[in-house]
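Only one chain is shown below, in structure tokens, and it's the form predicted alone.
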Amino acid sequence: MFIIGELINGMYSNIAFALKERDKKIVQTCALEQISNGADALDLSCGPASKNPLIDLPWLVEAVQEVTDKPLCLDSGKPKVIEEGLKAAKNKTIINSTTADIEKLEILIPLAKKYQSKLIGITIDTRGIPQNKDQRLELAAVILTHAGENDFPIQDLYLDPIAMPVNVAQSQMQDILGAIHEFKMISDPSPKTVIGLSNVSQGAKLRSLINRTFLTMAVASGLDSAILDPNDKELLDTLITAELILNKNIYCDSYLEAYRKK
């Protein structure tokens, strides 16, 4: 599992403060803590509080890459903000994200090619959030088609079925898991799959338990990557154990410790 740490986000009070005060140490400490707990990449988002994301996202990029060469997942709904982050990046990058809207695909796929970045494609368009697996597959096909037509490497594409909060979209959970499984079969080579895990438990009381359970089921459905909180030890232990049971790691009595050292 490719783990993308979610915590460098302006929606969190510590990162919002760091952005306002230009305090690199807060951001760098958050980055290193997530990496020490298992993050393979770091999601960077200015959040809704940022008054000038065109400046704030490059600042986050520069602050983080002073202390790590891990890939950076640049998170913004505005292509211009993404490009400013890409310009500042020396590390490998992932664009988070494009939708299935043609206008966005025509901007972000060439941008990903230009900067040799990987790309997350979210299965949503101007019609709104898909309501079932078939709609998700239809939108995934649109993203894949445009990637192929623009010679974007499919192995560098992550498809996101949009993880919905279980407390408001319980009936969609099975469709989301089914979409993860079927995304792997709609092209050869197949795209990778990713979810924003915290969305599943948003607004719920037992958030950590819901996240752990859904992640286990998603891994069994073929999930390749998740944007999550790597500092949640129980969540990471559950992930490691799920992959062990799926024969992705070799068993030993100290497998948790062995995997974390890997």
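All values reported here derive from a predicted model rather than from experimental measurement. Heads up: residue numbers just count along the shown sequence, starting at 1.
Another form, the form predicted in complex with another copy of the chain, is not on view; read the next lines as being about it.
Novice: Work out which of the listed stretches, 183-191, 90-98, 168-176, 77-85, brings a heavy atom within 4.5 angstroms of another copy of the chain in the predicted bound form.
Specialist: Among the candidates, contact is made by 168-176.
Novice: Does another copy of the chain come within 4.5 Å of any heavy atom of T213 in the predicted bound form?
Specialist: Residue-level check for T213: yes, a contact with another copy of the chain.
Novice: Taking 4.5 angstroms as the cut-off for heavy atoms, does I35 touch another copy of the chain in the predicted bound form?
Specialist: Taking the distances in the predicted bound form, the answer for I35 is no, it never comes within 4.5 Å of another copy of the chain.
Novice: D253 versus another copy of the chain, in the predicted bound form: is there a non-hydrogen atom within 4.5 Å?
Specialist: Yes, D253 sits close enough to another copy of the chain in the predicted bound form that at least one of its heavy atoms falls within 4.5 Å.
Novice: Wondering, does M217 line up within 4.5 Å of another copy of the chain in the predicted bound form on heavy atoms?
Specialist: Yes - in the predicted bound form, heavy atoms of M217 and another copy of the chain come within 4.5 Å of each other.
Novice: Out of I55, V67, A49, L206, which one falls within 4.5 Å of another copy of the chain in the predicted bound form, going by heavy atoms?
Specialist: Checked against the cut-off, the match is L206.
Novice: Counting only heavy atoms, which residues in 221-249 are within 4.5 Å of another copy of the chain in the predicted bound form?
Specialist: E234, D237, T238, T241, A242, L244, I245, L246, N247, N249, in sequence order.
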